[in-house]
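Coming up is one lone chain in structure tokens, specifically the form predicted alone.
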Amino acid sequence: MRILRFVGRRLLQLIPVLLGVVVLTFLLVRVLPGDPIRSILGPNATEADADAARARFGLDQPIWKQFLDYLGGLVTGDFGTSIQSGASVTGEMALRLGPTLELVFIAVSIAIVLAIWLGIWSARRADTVGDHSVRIFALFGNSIPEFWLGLVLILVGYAALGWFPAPSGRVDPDTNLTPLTGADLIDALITGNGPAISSSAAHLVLPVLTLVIGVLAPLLRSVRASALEVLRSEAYAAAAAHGLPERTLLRGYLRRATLVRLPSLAALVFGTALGSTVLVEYVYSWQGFGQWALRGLLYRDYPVVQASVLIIAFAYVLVFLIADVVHAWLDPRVKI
């Protein structure tokens, strides 16, 4: 019951936060240099054409009127009309968000599991060759640019070895996959399309691996540091001195105490990965949310930029809410 009250309070706090994001984003995108109408119509368009386009998208109205119209649309789930394509931003976002969420969720989930296993394993073997190897890998993951790593994996996995499909999309077009959620692997599983399942899974391997290496590094270092702190604590030494079995020490003391810090960092990593997948999506021609948001920014497409920033802000708040609940479950000392 306490958790439900806590979630309810945090959801109420979500309203002013998102409202602030809406206001700031609306104002900031309009002070960016460049005219979105001119960037779409091109240099040969007449002033009459530009005025007609501005009237079509409501850009000829006063700023306060544009904001009220935008705010009224948000209440009904309408993010506006894309200046670049003329299509509904809500519809475009629904097609683009699924592939990116699929990619980020799988990558972060794998990274969390590997970080827990490798971090605790490394801490229990501190200052050995295995521990140094794990630390070097974490340093490598922190330092290497994701777009460069993606290109290397393409050269090795596709061009040299031929183990994985070409980086030309998310699924082979001849699989006749019926789109439902935008996440191709999930859609293939829902529809029971065997060829699409194998094709989408194969296309996921390299981009997921690229994200996992970058996401794993900070999680791994955090888990290792927490595990070392627990191993050197008086409580763990006392439990070991009482002759508790190794399995009890690992599960009841080391693992649970180590994971206390992980939820908040995992939430931060998830939000960061969601907002920074654009380079990975470009390298692998993923056609996801990051590419869509960057294209909107380059073309000064106000509704697209506003919607993408709002979605990323909502994702941050939501994952941190989940992280706080998990943290409270792992650490009884936390009061919510």
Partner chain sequence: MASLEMLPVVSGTKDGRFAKALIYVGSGILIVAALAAIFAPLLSSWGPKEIDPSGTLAAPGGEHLLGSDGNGMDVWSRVLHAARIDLGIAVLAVALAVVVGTLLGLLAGYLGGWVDDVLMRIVDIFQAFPTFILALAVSALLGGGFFNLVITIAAVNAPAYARLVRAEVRTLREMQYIEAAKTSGASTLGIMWRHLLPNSLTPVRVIAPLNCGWAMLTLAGLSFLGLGVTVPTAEWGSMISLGTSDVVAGRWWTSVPPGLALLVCVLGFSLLGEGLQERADAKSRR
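Residue numbers count along the first chain shown, from 1. Here the structure is a predicted model, which is why all the values come from computation and not from measurement.
A second form of this protein, the form predicted in complex with its partner chain, is not displayed here; the remarks below concern that form.
In short, of 226 to 234, 256 to 264, 175 to 183, 100 to 108 it is 226 to 234 that has heavy atoms within 4.5 Å of its partner chain in the model of the complex.
Residues Phe147, Ala159 and Gly271 are all found to lie within 4.5 Å of its partner chain in the model of the complex, as judged by heavy atom distances. This chain lacks the partner; the member of Ala94, Ala238, Ala202, Leu155 within 4.5 angstroms of its partner chain in the model of the complex by a non-hydrogen atom is Leu155. Here is the short version: of Ala123, Ile213, Leu74, Leu114, the single residue with a heavy atom within 4.5 Å of its partner chain in the model of the complex is Ala123. For Leu297, a non-hydrogen atom is located within 4.5 Å of its partner chain in the model of the complex, even though that partner is not displayed. Although the partner is absent here, Asn142 is a contact residue: one of its heavy atoms lies within 4.5 angstroms of its partner chain in the model of the complex. Taking the partner from elsewhere, Leu28 is found to have a heavy atom lying within 4.5 Å of its partner chain in the model of the complex. Proximity of Val283 to its partner chain in the model of the complex: non-hydrogen atoms within 4.5 Å are present. Taking a 4.5 Å heavy atom cutoff to its partner chain in the model of the complex, the contacting residues in 16 to 31 are Val17, Gly20, Val21, Leu24, Leu28, Val29.
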